[in-house]
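A single chain, nothing else alongside it, follows as structure tokens in the form predicted on its own.
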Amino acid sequence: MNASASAPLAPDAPWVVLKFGGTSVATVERWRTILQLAAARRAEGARVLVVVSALSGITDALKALCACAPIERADALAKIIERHRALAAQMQLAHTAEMDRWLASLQALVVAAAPEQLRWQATVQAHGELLSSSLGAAFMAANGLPTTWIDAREALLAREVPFLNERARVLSAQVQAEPDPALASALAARGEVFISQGFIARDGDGQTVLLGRGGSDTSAAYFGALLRASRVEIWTDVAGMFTADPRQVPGARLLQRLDYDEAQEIATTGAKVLHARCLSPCRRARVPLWVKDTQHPDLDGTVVAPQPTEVAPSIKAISSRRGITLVSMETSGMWQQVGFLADVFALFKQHGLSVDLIGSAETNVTVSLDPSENLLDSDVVAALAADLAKVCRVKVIAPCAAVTLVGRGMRSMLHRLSGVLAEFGRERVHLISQSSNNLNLTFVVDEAMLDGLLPRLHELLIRAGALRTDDVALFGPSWQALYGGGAELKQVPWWHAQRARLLEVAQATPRYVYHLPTIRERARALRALTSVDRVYYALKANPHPAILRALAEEGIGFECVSPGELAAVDALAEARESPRLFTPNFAPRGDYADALRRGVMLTLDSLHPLQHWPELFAGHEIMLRVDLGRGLGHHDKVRTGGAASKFGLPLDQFDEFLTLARERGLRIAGLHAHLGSGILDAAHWPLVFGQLASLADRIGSVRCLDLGGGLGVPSHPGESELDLAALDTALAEVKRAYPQYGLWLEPGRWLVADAGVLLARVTQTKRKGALNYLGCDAGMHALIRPALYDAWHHIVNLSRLDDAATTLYQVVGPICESGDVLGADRRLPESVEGDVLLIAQAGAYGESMASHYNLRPLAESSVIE
């Protein structure tokens, strides 16, 4: 590890700046990591500048020392001194002269206390970094890496900013850092490895000033810009920046690549990993910035650097900030009044307040104040409100929280955000702001609404395809996978092991292939639920005879919606004795008559059949499907509840239906509700059961409650699996309250989606502008779900399954429609004519919805037993 044993560096050797935060410098074990990293960078041929924070907790202790009563200062100082001497002892340092010098300096300052003076406070607080860097220099040198200690105040000069008040100039200063070849040359003449301080600088008078919250990150960025470093590495206690705060969203994904603007927006809008100020110096000097984990240096981190233009628009993160204050200013006099806003904002400037978000109307302007950028307290806000009241009506709304979606090309993704907007529709939204740089969309809500909101929104963004977690070049592992105590459990799809066989059957494409063992496994999982009495397969998902036989053999019944589906079950000897349901919708009279002739339990969901065909149902038992007033699902077309859906009897007609049933001699044996598809929240079905049970109690003849299907199948990487164990537990609990009712489920897609794939061959490639088109012989005639539902299917190049995914493609078919897109912005290996593509999760609503559109032939199918 002895740097002196290496060949001397050239005068123009590149610089690498390494920054370490408080937890990263607090123990001797962490300092060994710092030593190893600095030595490794030196061995790679770079000059190294290590920038350190104070030991964890020391800055807070120094701030408290400044504020405490004189009688308490001696004890407070003694604890700070003891903390550093204890670390020096653990480091086994024989020489601590530099540390001792700064401890003496701190002691002298405390004796000559001037707590009311900002500059005294700044000088006291600066000692945290001065002490830690002195310890670090001694430790690294003692362990074979000659290290030169430098005072950051020699290089970092605070610039004059007219609008900053005195407190901000001293405690939250700003440095103008432009590349300085003279500084680089001067340092190069002094050594190869250096250590300095974060958080501190000097002003024009040579006095110590602080850089405010996140000052150490900012110091490293300033040094990186001054030295025009090859990169700045921010070493902290997490692997990088994530798609959300992992403390609130454990499934948040690591952001592997960001451009400067996106990183700055994420930092500005609530992420704590980086301070927003540290991005600007790096961006101006075009210095890449890495974020890495000191405890796990082998983990990939986040790289912030200029990004290639060939990147699909994607939301990169959802962040939040608490403690937001809204100031609403209203007067009819502002309408087209020249200079009104100038007068108003002059008052904000006068009070030293920086405005964050702005919303305006003809008679109202509302702005937000962010506590991270303002020294907010009730007195400051009250004084501002008093001055504003002279020109307009003022309303202060606090505490609020700002929830921000960040990603380049935000406006191009708005059409995907209907589910997210609906979620906000349930909250109290005070302000919505879409940034002019097309990088963020912010919602300001009551702070109390924030709890639990981010995980729901994160999941919705993934399901909507707005958070492109499928793009492995941008999104890394989840927080759970990195820090959850073990590797992320990723179930390898069955088709990986069957690759050779699939390539054989792909001689004729397009072709569906179904894996019956997967279907049987799913059926057994449902049958194992102790709370569920019967499971019916929604036949419309896929009526392939082999699938029906397999399900019948596993004891699954069949839910049919047409005479043709009933006939398909009757045609199979293995399925004829299976329980069946008939659940039509707006079907002709003959369909109902056919089901009754077959002795199948049928479902009604409107008044019309009883009003116009009463003799058909007289004396029969039926199921009644009700609309509980809401729909769920990732897309309007899969939501089967609410006034906008054609399914189910509305509750305001429930009593009339009961009256007609009694008059016609019908017996209502069961109630049914199905609100939508793709539901991954196990709490949904117990809620439906409870609502149906309360309705059933009013009828008296009901024996069973059918909760429909809708069991979600995760498609996007990062989506959570439906927790069957949690579902079983929750259903059992609610069922104990209503033991008189049997519980039925009728899933379709959940049973068969993962068991089927669609194979296609690449036909052509084309480049148009920035887009690469990859054509194949399977289009919307073979798989219409992407065009119909905006459904997302994983697509791989099966011929090149092990090759790196390097090219962003629009995967399209041969149909004469602009909507013939199987997958937009998919990163695949460079593909050529004849390659076999595999479209996953095609076992449900693929072959069953296929057509001869454009007179294309239907895809053939194969079965793997």
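Quick caveat: nothing in here was measured; it's all calculated off a predicted structure. Start at 1 with the first residue shown and count on from there.
There is another form of the same protein, the form predicted together with a small molecule; it is not shown, and what comes next is about it.
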Subject >> Contact of residue 152 with the small molecule in the predicted complex (heavy atom, 4.5 Å) >> reply: no
Heavy atom of residue 246 within 4.5 Å of the small molecule in the predicted complex | yes
Contact flag, residue 271 vs the small molecule in the predicted complex, heavy atom cut 4.5 Å: yes
Exercise. Are any of the heavy atoms in residue 514 no more than 4.5 Å from a heavy atom of the small molecule in the predicted complex?
Worked result: no
The one option of 402, 238, 623, 353 with any heavy atom within 4.5 Å of the small molecule in the predicted complex is 238
With the partner omitted here, the residue among 495, 647, 242, 139 that in the predicted complex has a heavy atom within 4.5 Å of the small molecule is 242
Which of 68 to 76, 230 to 238, 549 to 557, 678 to 686 lies within 4.5 Å of the small molecule in the predicted complex, heavy atoms considered? The stretch 230 to 238
